[in-house]
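Below you'll find only one chain, the form predicted alone, shown as structure tokens.
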């Protein structure tokens, strides 16, 4: 039996206006640094966290969206976006940042980290996780 637990981080909040998105990203990176099996789900307004071209100038706060591009360097390559949440907000995969990782098992080929899944598929992923963190 493996000592590595499966951690699922669930992001439900928009990226700015609360601290939830930033705190989630920090905790994900910490978990990955300790070589845990990390997955991240984006549902409800959490899908806005991955929108490309974010500009926080008028908000007067730091834009941390570029940090998501570092996830692949930490072996965080299982990012799940709930299709129903995208659809409800009129978004598609093309509206999201391109997030990739290099697959060492496939001659370091660059692969997409984002997977769009149905709410049913996401529920199954939650069920197979050892620990769920909700943000």
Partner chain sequence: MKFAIQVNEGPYNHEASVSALNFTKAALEAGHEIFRVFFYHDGVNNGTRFTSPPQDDINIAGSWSELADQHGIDLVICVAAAQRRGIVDEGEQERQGKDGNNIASGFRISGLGQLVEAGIQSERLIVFGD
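Positions refer to the first chain, counted from 1. This structure is a prediction, so every number in the text was calculated from the model and none was measured.
Beyond the structure shown, there is the form predicted in complex with the partner chain, which is absent from this document and is the topic of what follows.
- The shortest heavy atom separation between residue 31 and the partner chain in the predicted bound form is within 4.5 Å.
- Heavy atoms of residue 23 reach within 4.5 Å of the partner chain in the predicted bound form, making it an interface residue.
- Proximity of residue 115 to the partner chain in the predicted bound form falls outside the 4.5 Å heavy atom cutoff.
- Taking the partner from elsewhere, residue 86 is found to have every heavy atom lying beyond 4.5 Å of the partner chain in the predicted bound form.
- Stretch-level contact check against the partner chain in the predicted bound form with heavy atoms at 4.5 Å: of 34-42, 47-55, 65-73, 103-111, the positive one is 34-42.
- In the predicted bound form, the partner chain lies within 4.5 angstroms of at least one heavy atom of each of the following residues of 99-135: 131, 132, 133, 134, 135, in sequence order.
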